[in-house]
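What follows is one chain in structure tokens, specifically the form predicted alone.
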Amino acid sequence: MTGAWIKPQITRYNAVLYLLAALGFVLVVIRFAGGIGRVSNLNDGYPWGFWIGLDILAGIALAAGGFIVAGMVHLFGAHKYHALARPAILTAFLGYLLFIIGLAIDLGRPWMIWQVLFHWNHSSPMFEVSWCVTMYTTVLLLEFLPVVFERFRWRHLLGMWHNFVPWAIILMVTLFTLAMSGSNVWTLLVFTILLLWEVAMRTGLMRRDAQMPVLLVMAGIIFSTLHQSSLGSLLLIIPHKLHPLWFTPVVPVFFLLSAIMIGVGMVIFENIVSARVHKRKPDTHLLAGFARALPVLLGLYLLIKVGDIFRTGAAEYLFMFNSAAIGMWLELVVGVMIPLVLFMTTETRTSEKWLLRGSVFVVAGGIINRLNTVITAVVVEKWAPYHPSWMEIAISLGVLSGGILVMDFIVRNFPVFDDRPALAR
């Protein structure tokens, strides 16, 4: 694929995206010129609001498909799903970049964000999340580079990439171990194990994946798994402010499990929508395999969630007519119960129409869950109510629209939806 670039064009379909992106850009300028109070309704009672819930917590969960598909294809040998790997990695990569942009907009002094990598606070979950997000974003960039090399026919760079990436991962994981543990012994042990692993790969004692270094995929799974759960750990520090329906010691488990099922739903949604936009046939036969896993994931989540609600004694709150009960029922019914029923039948799992509908419910339920966690579930005094301003919503939609436009440009100009190995032609 070395032809001329397909330049972005404004059509009746994407004109709204350009308008939302432009409006969001203007509001971001206002936000930084006049302070966060000019565009946001956040207050001392609600330090986390719509941006954190949608752009960060929900956005990170929606990007979980990247490590799921990469792990299945390049680590566990499910090579029949190779056609889904590149789109999932691209979606995850852009999702994390949007997360970083959203976080920068929300922070009071975003230009100081780099300090978290150098000032180590081992008692802070945010310290671990920051490192994991930084590392995993780097992993996603490395995983997507072969697509760039193929676009420009840079065969020599692909060879250098295969040789360089494992050593880069060894350095990253070793440094991460030192930052998280502060232990020279553990750091040396991890470094030795990774070094022996790579030597075994290069000498033929262990099988190497032809397309993706195993250490790269393993690092992506480790970093993503750690911070998906650690985002839930942040809620453990506010037991006095979180509603009993959402506060539980196992909230990190719920965040990780829900991210996995949301990520699977997003892979299905993205594949079908992209196929319709770019006038190609969706990979329904492959998506059916992913859909078969959803009833298991959804059923397990529902079982643990309901069981935990009864275990903590919060079941009585489910039957009160208030925002908390309505919010919990919405996320359980929309995001779990309805798609659980839909994906239990073979007819649904093999139908493009029902695959799309079911995935919409899973994705919507995940977004509702994350917004509930930072808005509905937060209990504060009556003097500090919070409702997102239209500018908060517009900025989020603008960031999302910009991401969709960038993805559309990349898909049109790079071999993303191609199930053949890079540079095989």
Partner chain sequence: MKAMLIDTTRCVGCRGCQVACKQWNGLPAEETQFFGGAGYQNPRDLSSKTWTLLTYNEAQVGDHYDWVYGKLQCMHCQEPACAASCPTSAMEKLAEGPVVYHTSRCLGCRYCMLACPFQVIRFDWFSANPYVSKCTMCADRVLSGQEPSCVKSCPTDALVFGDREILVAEAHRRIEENPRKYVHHVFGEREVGGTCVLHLSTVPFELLGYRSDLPEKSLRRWTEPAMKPIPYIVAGLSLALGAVAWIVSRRDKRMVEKWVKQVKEMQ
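Positions refer to the first chain, counted from 1. Given the structure is predicted, the values throughout are model-derived calculations rather than measurements.
We do not show the form predicted together with the partner chain, though everything after this point is about it.
Participant: Looking at heavy atoms inside 4.5 Å, which stretch does the partner chain contact in the predicted complex, given the options 57-65, 382-390, 356-364, 395-403?
Facilitator: The contacting stretch here is 382-390.
Participant: Taking 4.5 angstroms as the cut-off for heavy atoms, does E143 touch the partner chain in the predicted complex?
Facilitator: Because no heavy atom of E143 falls inside 4.5 Å of the partner chain in the predicted complex, the answer is no.
Participant: Under a 4.5 Å heavy atom criterion, is A315 part of the interface with the partner chain in the predicted complex?
Facilitator: A315 lies outside the contact set for the partner chain.
Participant: Would A85 count as touching the partner chain in the predicted complex under a 4.5 Å heavy atom rule?
Facilitator: Contact with the partner chain, no.
Participant: Check S351 for me: does it contact the partner chain in the predicted complex (non-hydrogen atoms, 4.5 angstroms)?
Facilitator: Output for S351 is no: heavy atoms all beyond 4.5 Å of the partner chain.
Participant: Could you work out which of R155, R280, H79, R311 is the residue within 4.5 angstroms of the partner chain in the predicted complex, going by heavy atoms?
Facilitator: If I apply the 4.5 Å criterion carefully, the residue I get is H79.
Participant: Consider the chain as shown here, without its partner, and state which of F149, F247, F99, Y301 has a heavy atom within 4.5 Å of the partner chain in the predicted complex.
Facilitator: Contact with the partner chain in the predicted complex is made by F247 alone.
Participant: Heavy atoms within 4.5 Å of the partner chain in the predicted complex is the criterion; list the residues of 204-226 that meet it.
Facilitator: Sequence-ordered list: L205, M206, R207, V214, M218, I221, I222, T225, L226.
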